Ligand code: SAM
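One chain comes next, on its own, written as structure tokens: the form predicted alone.
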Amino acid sequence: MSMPPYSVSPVGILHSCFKEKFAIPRQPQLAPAARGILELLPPFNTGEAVAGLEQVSHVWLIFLFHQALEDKPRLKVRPPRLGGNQSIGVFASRATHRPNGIGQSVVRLDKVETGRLHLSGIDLLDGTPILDIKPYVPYADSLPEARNAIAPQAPQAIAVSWQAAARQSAVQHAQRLQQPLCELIEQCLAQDPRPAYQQPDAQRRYGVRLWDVEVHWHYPQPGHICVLAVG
């Protein structure tokens, strides 16, 4: 039975610390220092729409993968968790390539303001359209007996070290931004943002922009990241 087409409109836009897709944690809560502000759009930018939300510690964000929309739906994907080389059905993964481009993340709600929600533990790109917001309900949403054999536990973090000048620069930028930038860098890089199938040599430099700061690093040895420059 065919259904008529339908459309949805965002209730808000997320202003995130992540300015590009590279280095965004692959799941929420892996980087607690990752912060953002959800700007609610009319008519939801009034106190009425968020009344009572201050009683909630976490919320579900239903959002649009606005930079991964595709005309032709994929039936199989290659999730990073399986090394990027093994295909599974799209509905067995949480890959960004979705039939309708819709994603969901549970994030921490730090502060409620009229027209704005302050969030942390996010895994969303700057400018992400938010389609809906739902309160996290622990007794219903946390299921101790649940299992997922594809991703049974969080990925193992790898070691992150700093060159002295990079650390000093990060501290200065953190003070300017009034954000936990050093923690954000370490938490994101510890997830090893490079493609799982890639084995870089020690000379190759990687870079990403967090907030308005460029971060550069390399892999001096397997399982170890060194932050080279922050500025």
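In case it trips you up, residue 1 is the first one in the sequence shown, and so on. Quick caveat, the model's predicted, so the values are computed rather than measured.
The following text describes the form predicted together with the named molecule, which does not appear among the structures shown.
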Interface residue in the predicted bound form among Leu125, Val77, Leu131, Val112, criterion: non-hydrogen atom within 4.5 angstroms of the named molecule: Leu125
Segment assignment from 181 to 189, 60 to 68, 202 to 210, 31 to 39: heavy atom within 4.5 Å of the named molecule in the predicted bound form: 60 to 68
Triplet Lys21, Ile24 and Gly103 all within 4.5 Å of the named molecule in the predicted bound form via a heavy atom: yes
Heavy atom of Ser120 within 4.5 Å of the named molecule in the predicted bound form: no
Contact flag, Arg108 vs the named molecule in the predicted bound form, heavy atom cut 4.5 Å: no
Arg94, heavy atom within 4.5 angstroms of the named molecule in the predicted bound form: yes
